[in-house]
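So this first bit is one chain, no partners, the form predicted alone, shown in structure tokens.
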């Protein structure tokens, strides 16, 4: 018994060490980014490096927010991200409900095709997407960017939501059908309210993807007034040098909407992801 307890204690300690090591690897670069954003340019590359700046300043944040068209890019990103998230969640929820509850010809083949799309990196389709956008007159417009963002997010969102919808009891739907409700009423008044955890999870994943997306935005948008936030941050990289304090300050400003959304929806996030995986 003593040897068994000792081995279990050693295994637990080993797991804790792995977790602590992983936490350090993830947290230290972020702390370094925060520290650098409060440093003047002359102290960014000082040696030996210091995590806590001796003379912290907000100049980098002020300069990042007021330089060029950063505020315009921020507004564009907000418009694109919010509209894309709403459309992506709504459309994927309808698709997932159809896959979870209805029977129709080719259902399994269609869903398998969606799973295959999850295995294909989005960058592979950049040229066909560019040619399609050009043919449809969607280049250089935020509306076109929104459409392609929504389309590329549907496979993962549908997969996650279908798994969650399958955990909902069918008895509730049967009772509403007996009372005369149609499937649209069931979907809007029963399924969606009960699926807040899954919808929150999908919303966070979608916003992360839309907010940080760079390649499509750079390829599709030529007009300086229509570009999004990742392009604004990339513009702070100079040809002969980079003010990392300015870049990191801009990156922290860009993180604010993501962090705010996660704080608001965090109580739903774990439950939604667990339900999707179990389904």
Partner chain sequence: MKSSMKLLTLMGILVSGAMILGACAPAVAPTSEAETQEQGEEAQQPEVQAEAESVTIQFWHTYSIETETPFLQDVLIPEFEASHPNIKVEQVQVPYDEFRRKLLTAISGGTAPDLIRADIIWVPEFADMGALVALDEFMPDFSTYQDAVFPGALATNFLNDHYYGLPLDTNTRVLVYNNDMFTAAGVQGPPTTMEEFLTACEQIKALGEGKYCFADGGTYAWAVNPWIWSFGGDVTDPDITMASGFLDGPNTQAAYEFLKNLVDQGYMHPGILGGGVDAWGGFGNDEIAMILEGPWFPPIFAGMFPDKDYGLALMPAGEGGPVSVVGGEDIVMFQQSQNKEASAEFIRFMLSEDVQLRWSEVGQLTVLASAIESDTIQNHPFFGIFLEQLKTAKARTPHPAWTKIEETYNLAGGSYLAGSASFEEALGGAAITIDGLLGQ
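Positions refer to the first chain, counted from 1. None of these values were measured; they are calculated from a predicted model.
FYI, the form predicted together with its partner chain isn't displayed, but the following is about it.
Close approach of residue 35 to its partner chain in the predicted bound form, 4.5 Å, heavy atom: No - in the predicted bound form, heavy atoms of residue 35 and its partner chain never come within 4.5 Å of each other.
In the predicted bound form, residue 236 touching its partner chain (heavy atom, 4.5 Å): Answer yes; at least one heavy atom of residue 236 falls within 4.5 Å of its partner chain in the predicted bound form.
Contact label in the predicted bound form: residue 264 to its partner chain, heavy atom within 4.5 Å: Yes.
4.5 Å heavy atom contact, residue 131 and its partner chain in the predicted bound form: It does: once its partner chain is placed as it appears in the predicted bound form, residue 131 has a heavy atom within 4.5 Å of it.
Contacts with its partner chain in the predicted bound form, stretch 54-71 (heavy atom within 4.5 Å): In sequence order, 63, 65, 67, 69, 71 come within 4.5 Å of the partner.
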